[in-house]
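Below, in structure tokens: the form predicted alone, a single chain.
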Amino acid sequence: MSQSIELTINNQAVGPIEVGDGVMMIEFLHEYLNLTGTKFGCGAGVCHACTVIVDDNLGVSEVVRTCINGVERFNGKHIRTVEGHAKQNAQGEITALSPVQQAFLEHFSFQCGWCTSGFVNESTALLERLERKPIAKDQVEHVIEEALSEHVCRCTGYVKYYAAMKDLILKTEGLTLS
């Protein structure tokens, strides 16, 4: 059996594409679209390395793990993967990293990089939530911990990810209350 999948990934319409039953979203990204930035970590939804952002039509986003969800769950949705965050020119060349990617780079947050795509997506979703609902400055560390605590970094680079996000949130106007 197969099913027809049609969705938008990083602002690019995809499909309709016939996909066999039981194909996980991570397989679809890797094997059908050659988008390999989203990493397969544990395969059980525990490590969150495979997290992508799913946007609805109301401007609300959620992060979803792709190793435990079949591609059919994403049918008709708008998806953002790590490949879609940096700004690109007309030739597809990267001209600027996203604020989260830049902050992680400046703080040397990643070591092997396997978990980075999940951290980038979760952190991007966190920034967007804070744009809609700023928090008190004394809540920044708590909010970061709450958002990122389920992500597993096998190199144990948590401190640098968290420090990068703290700096980024505190220096970005409108994310915290005065």
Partner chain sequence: MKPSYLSYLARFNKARHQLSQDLLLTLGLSLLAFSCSAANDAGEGAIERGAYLMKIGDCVACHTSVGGRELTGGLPFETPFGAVYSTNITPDKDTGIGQYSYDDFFDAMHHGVGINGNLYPAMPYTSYSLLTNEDTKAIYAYLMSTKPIKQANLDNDVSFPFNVRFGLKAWNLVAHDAEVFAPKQDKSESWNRGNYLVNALGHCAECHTPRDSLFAMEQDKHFQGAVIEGLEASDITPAELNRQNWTHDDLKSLFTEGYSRKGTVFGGMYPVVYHSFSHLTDTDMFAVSSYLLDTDEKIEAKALTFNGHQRELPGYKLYMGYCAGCHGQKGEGRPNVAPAMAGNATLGKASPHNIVAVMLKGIKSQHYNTTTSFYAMPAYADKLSDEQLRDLANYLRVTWSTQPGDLDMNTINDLKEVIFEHG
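Numbering follows the first chain given and starts at 1. Since the structure is predicted, the reported quantities are computational estimates derived from the model, not experimental observations.
There is another form of this protein, the form predicted in complex with the partner chain, and it is not shown here; the text below is about that form.
- Proximity of Val46 to the partner chain in the predicted complex: non-hydrogen atoms within 4.5 Å are present.
- The shortest heavy atom separation between His151 and the partner chain in the predicted complex exceeds 4.5 Å.
- Proximity of Gly22 to the partner chain in the predicted complex: non-hydrogen atoms within 4.5 Å are present.
- Put simply, Leu33 is far from the partner chain in the predicted complex: not one heavy atom of it is within 4.5 Å.
- Residue heavy atoms within 4.5 Å of the partner chain in the predicted complex occur in exactly one stretch of 63-71, 141-149, 128-136, 105-113, and that stretch is 63-71.
- Heavy atoms closer than or equal to 4.5 Å to the partner chain in the predicted complex belong, across 91-105, to no residue whatsoever.
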